[in-house]
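Have a look below at one chain only, the form predicted alone, in structure tokens format.
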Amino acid sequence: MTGGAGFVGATLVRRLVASGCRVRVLDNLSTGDAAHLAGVDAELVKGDIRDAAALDDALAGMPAVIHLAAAGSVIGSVQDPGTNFEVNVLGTFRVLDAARRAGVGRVVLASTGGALIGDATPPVDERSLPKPISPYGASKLAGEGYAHAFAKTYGVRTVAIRFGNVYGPWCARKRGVVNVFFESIHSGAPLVVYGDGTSSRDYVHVDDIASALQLGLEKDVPGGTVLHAASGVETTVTELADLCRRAAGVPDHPIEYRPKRAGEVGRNFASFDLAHQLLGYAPTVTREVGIPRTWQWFQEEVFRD
């Protein structure tokens, strides 16, 4: 599993180990943390997906790969598109090429829905025309293209799972809006909302994303398949701020509105119908349950000092 010491990996590695899988993690620990896997019976190898030799060593003897490692920030991609390209496009190509050389049977890739498709009338699905408006979205679309090409040219059975906006335990090092809101509440700073508060996303709990990835690993679906793993629920940023404030017991915590940022999609939520049909995927953690649960995790693991 590339990037397995990161946010999603911390949950997924535990899930796979509990199911009896032998897991080897390759992570450069730039955003991941070895402490995320403390006490877990998984092998951790420090290395970078842009390093072909490191990939060859990590994939030796492995029947399948879950590719999570990425430069995952839309805003970061706008500020530094070159690094975003190197990690997400070149890095994904090298993972796929190493899998080809190693004879790996299945590669499950983490992709994205909103940033890749761009501005479109939601709900989006696998038939929506991709028109990315950020380098991050473009890089994920390129990764899906290479995954499809490697499936059709070399027979590598690839499955790309397009995530909604993931939140939940182990997300403290991810610069996602949920943890930024919780950090602001904890420090007493206003919640910063970019735009007028009507922009929307599909917020999906990390437990549901881990379920989708495991199903993508286990189910017999055609190589080159692309699927959305989402909640199917549209949540505006103002609604999210209210959910976070209520979860923390401060419903009147101040909100500060700032101008919209370049590269960010206006509205987005996704249909997971095809993932349900092919994988049996269905989200189980609602935002009304998952956000308070995530606040509790922050209190216990991040704000305890």
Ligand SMILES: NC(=O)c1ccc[n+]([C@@H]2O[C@H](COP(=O)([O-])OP(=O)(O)OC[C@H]3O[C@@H](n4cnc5c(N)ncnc54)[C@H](O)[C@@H]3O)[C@@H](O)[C@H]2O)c1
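Start at 1 and count along the sequence shown; that's the residue number. Computed from a predicted structure; not experimentally measured.
As for the form predicted together with this ligand, it is not shown, yet the points below apply to it.
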Of these, 142-150, 121-129, 162-170, 96-104, which stretch puts a heavy atom within 4.5 angstroms of this ligand in the model of the complex? 162-170
This ligand in the model of the complex has a heavy atom of only one listed residue within 4.5 Å, and of 270, 68, 275, 65 that residue is 68
Is every one of 208, 232 and 283 in contact with this ligand in the model of the complex, taking contact as a heavy atom within 4.5 Å? no
Consider residue 30 of the chain shown here, and say whether it contacts this ligand in the model of the complex, taking contact as heavy atoms within 4.5 Å. yes
With the partner left out here, check for me: in the model of the complex, does some heavy atom of residue 135 sit within 4.5 Å of this ligand? no
Using 4.5 Å between non-hydrogen atoms, is residue 50 touching this ligand in the model of the complex? yes
Although this ligand is absent from this view, report whether residue 111 comes within 4.5 Å of it in the model of the complex, heavy atoms only. yes
Can you tell me which bits of 167-184 touch this ligand in the model of the complex, meaning any heavy atom within 4.5 Å? 174
